[in-house]
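Okay, here we've got a single chain as structure tokens, the form predicted alone, with questions on binding and movement later.
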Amino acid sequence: MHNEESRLHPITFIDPLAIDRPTYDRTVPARDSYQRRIDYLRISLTDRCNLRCVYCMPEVGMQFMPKDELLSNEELLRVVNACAQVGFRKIRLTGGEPTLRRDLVSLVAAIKAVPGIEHIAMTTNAVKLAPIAHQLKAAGLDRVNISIDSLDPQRFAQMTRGAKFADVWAGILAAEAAGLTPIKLNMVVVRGLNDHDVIDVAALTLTHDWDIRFIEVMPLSGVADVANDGVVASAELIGRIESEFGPIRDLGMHDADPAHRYRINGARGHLGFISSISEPFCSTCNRMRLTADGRLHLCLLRDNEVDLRGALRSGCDDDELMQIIRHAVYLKPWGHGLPDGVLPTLRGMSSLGG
């Protein structure tokens, strides 16, 4: 069924109503052409954000999508229902910044009610999280990942271009109190900006039962200048941490989790290293991304997309929608093309949600 040419040449955009698609077996979970089970959907609820983090967005010049180009709640829930019926089990809500959605709590509840959806997580900058953490938990949100790129308030403001560290810290504590656990804190490490903060952030695991995840900066649209010179390989970070704390215990990787996990001796929490650049983990990838404007983005670091919004607004029924999603899963590339010089240019991180 697979077009061998698509393995060799990048697909940029697919209109699913304008191509011939095979008929897929409705009785088995969706798999790509490499037989990876794809069961994790990351949903960008908005491309807007209240911050301008240096590794995510340019400081000025951002143009956000008009509201009529975004999926409505009804359209979004149709996609989630169709995805659940083809085998997706885990949802992650992202942005932009998902807490900017005024209907976030009710949307979480609606997604949680979809048969087949077993787990809902959210990635957030936590600036607006504290007042709604308990509401989100009650609605069905299972846990959160929170961005925290430094413990130094001044450097944190520099990295985020304006956030108050106290607001984010309050969000972390509120999430923990609400039971949105295990708490995972994401630190995107950029050489020359915050790489010297890694030891302090890692030390949080000594006293907190949190997962601290160090992420290699990625060359997405709008921040390539930061990424080109800013990557600090995970192996280097591990060396720095071991110089401070002694040998750390290697706990390996768990299923399709992209983080290679470690623990400092005697620590309550864990360290994780997401090494998309230096040590790609494409063989275990189980995820796809739904953009706020309704495109299935097939690989974070490629431009391949399948247009679901167009299909929805052209009147496709639920059965056809499921077949389109199965076809999109089948077309998922093996992995990114950075070693071959293939760079993503279509979207920035703020419209993909990581």
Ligand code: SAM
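Keep in mind that what you see is a predicted model, and the values were worked out from it rather than measured. Note that residue numbering follows the sequence shown and begins at 1.
The same protein has a further form, the form predicted together with this ligand, not shown here; the description that follows concerns it.
Region of this chain that lies against this ligand in the model of the complex, out of 118 to 126, 248 to 256, 232 to 240, 133 to 141 [heavy atom, 4.5 Å]: Every other range fails; the passing one is 118 to 126.
Interface membership of Val80, this ligand in the model of the complex, 4.5 Å heavy atom rule: Looking in the model of the complex, residue contacts with this ligand do not include Val80, since no heavy atom lies within 4.5 Å.
Proximity of Leu296 to this ligand in the model of the complex, heavy atoms at 4.5 Å: Taking the distances in the model of the complex, the answer for Leu296 is no, it never comes within 4.5 Å of this ligand.
This ligand contact in the model of the complex: Gly96, any heavy atom under 4.5 Å: So Gly96 counts as contacting this ligand.
Any non-hydrogen atom of Tyr40 within 4.5 angstroms of this ligand in the model of the complex: Close contact is absent here: in the model of the complex, Tyr40 is far from this ligand, nothing within 4.5 Å, heavy atoms only.
Sole residue of Val108, Val188, Ala202, Ala175 within 4.5 Å of this ligand in the model of the complex, by heavy atom: Contact with this ligand in the model of the complex is made by Val188 alone.
Option touching this ligand, based on a heavy atom within 4.5 Å in the model of the complex, out of Ile215, Val86, Ile183, Leu71: Looking at Ile215, Val86, Ile183, Leu71 one by one, just Ile215 meets the 4.5 Å heavy-atom criterion.
Check all three, Ala30, Asn286 and Pro333, heavy atom within 4.5 Å of this ligand in the model of the complex: The answer is no: none of the three residues contacts the partner (heavy atom, 4.5 Å cut-off).
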